[in-house]
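One chain follows as structure tokens, the form predicted alone.
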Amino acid sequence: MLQALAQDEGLRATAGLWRARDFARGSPAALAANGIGTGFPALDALLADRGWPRAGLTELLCPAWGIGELRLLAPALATVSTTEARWIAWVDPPFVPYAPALAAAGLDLATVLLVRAEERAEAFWALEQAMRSGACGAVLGWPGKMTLAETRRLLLAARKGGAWGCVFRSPAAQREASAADLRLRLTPSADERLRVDLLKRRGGWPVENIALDVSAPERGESP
């Protein structure tokens, strides 16, 4: 069973939590001013924040895991990992994050926090609390089916904590309403590129068929 997140000391080592080290919390208000560069200029140019929303909720709709979704996020995760004194939390991923690959992508492994839950309700609780805590610069979650109210809860939690919340869902979720700031549908292509469809973005209409070479991103620096 997961226990509550500490309010004043970041995230404590509790049952179901693995912690690399203790470090000071960041300042969510100061960090939320700009987006986090994606590492893909063609994608940044289409996003309202010129990058991933730093204090908001992103949804990635994937037909399967391992199609390149983490390589898409890797430049921005590396930026958060090396520029903020906050955690990058992985809440109940369907796989064990491969440490050598994360290090090769530029992440500081000492900032990685892995959260395991026994049931869906615990995983959602941990996801929401991690986003709200202010102790996490980025929070990745695989919550499965969600209601509109639950997506709204995650959005408000991410805004309060100044966290880049990112949830991975099935393409079937496209038919459901979501409060997320940004929704992307990802599809692998035959040429090993990743096709990205922007289903929802602030300040613009949907955009389809953005082809990204996720094997050669740039560093996802903030503007």
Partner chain sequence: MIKMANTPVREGASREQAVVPSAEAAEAAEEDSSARRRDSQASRCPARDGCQPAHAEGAWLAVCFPMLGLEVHFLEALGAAEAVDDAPTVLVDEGRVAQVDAGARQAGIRIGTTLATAHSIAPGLRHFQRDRNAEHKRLEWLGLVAYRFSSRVSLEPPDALHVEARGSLRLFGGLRALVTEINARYRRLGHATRIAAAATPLAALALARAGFDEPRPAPHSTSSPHPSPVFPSLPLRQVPLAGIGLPPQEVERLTNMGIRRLGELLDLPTRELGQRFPSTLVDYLHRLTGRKADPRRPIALPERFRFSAHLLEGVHSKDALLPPMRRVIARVATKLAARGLGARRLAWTFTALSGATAAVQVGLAEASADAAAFLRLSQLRLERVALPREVMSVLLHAELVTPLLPPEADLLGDLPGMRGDGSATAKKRAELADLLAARLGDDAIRTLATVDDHRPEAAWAATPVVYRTLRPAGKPADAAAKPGARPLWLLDPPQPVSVRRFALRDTLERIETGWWDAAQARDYHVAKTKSHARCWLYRDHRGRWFLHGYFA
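Residue numbers count along the first chain shown, from 1. Quantities reported herein were computed from a predicted structural model and do not represent experimental measurements.
From this point on, the text means the form predicted in complex with its partner chain, which you will not see here.
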ask   = Hey, in the predicted bound form, is residue 69 touching its partner chain, heavy atoms inside 4.5 Å?
value = yes
task = Evaluate residue 111 for contact with its partner chain in the predicted bound form, applying a 4.5 angstroms cut-off between non-hydrogen atoms, and reply yes or no.
result = yes
ask   = Would residue 76 count as a contact of its partner chain in the predicted bound form, using a 4.5 angstroms cut-off between non-hydrogen atoms?
value = no
ask   = Even though its partner chain is not shown here, does residue 116 get within 4.5 Å of it in the predicted bound form, heavy atoms only?
value = yes
request  = May I ask whether 65, 100 and 192 each come within 4.5 Å of its partner chain in the predicted bound form, counting any non-hydrogen atom?
outcome  = yes
query = Just one stretch in 181 to 189, 53 to 61, 36 to 44, 150 to 158 has heavy atoms within 4.5 Å of its partner chain in the predicted bound form, so which one is it?
reply = 181 to 189
note = Looking in the predicted bound form, the residues of 133 to 163 with a heavy atom no more than 4.5 Å from its partner chain, listed in order, are 133, 134, 135, 136, 142
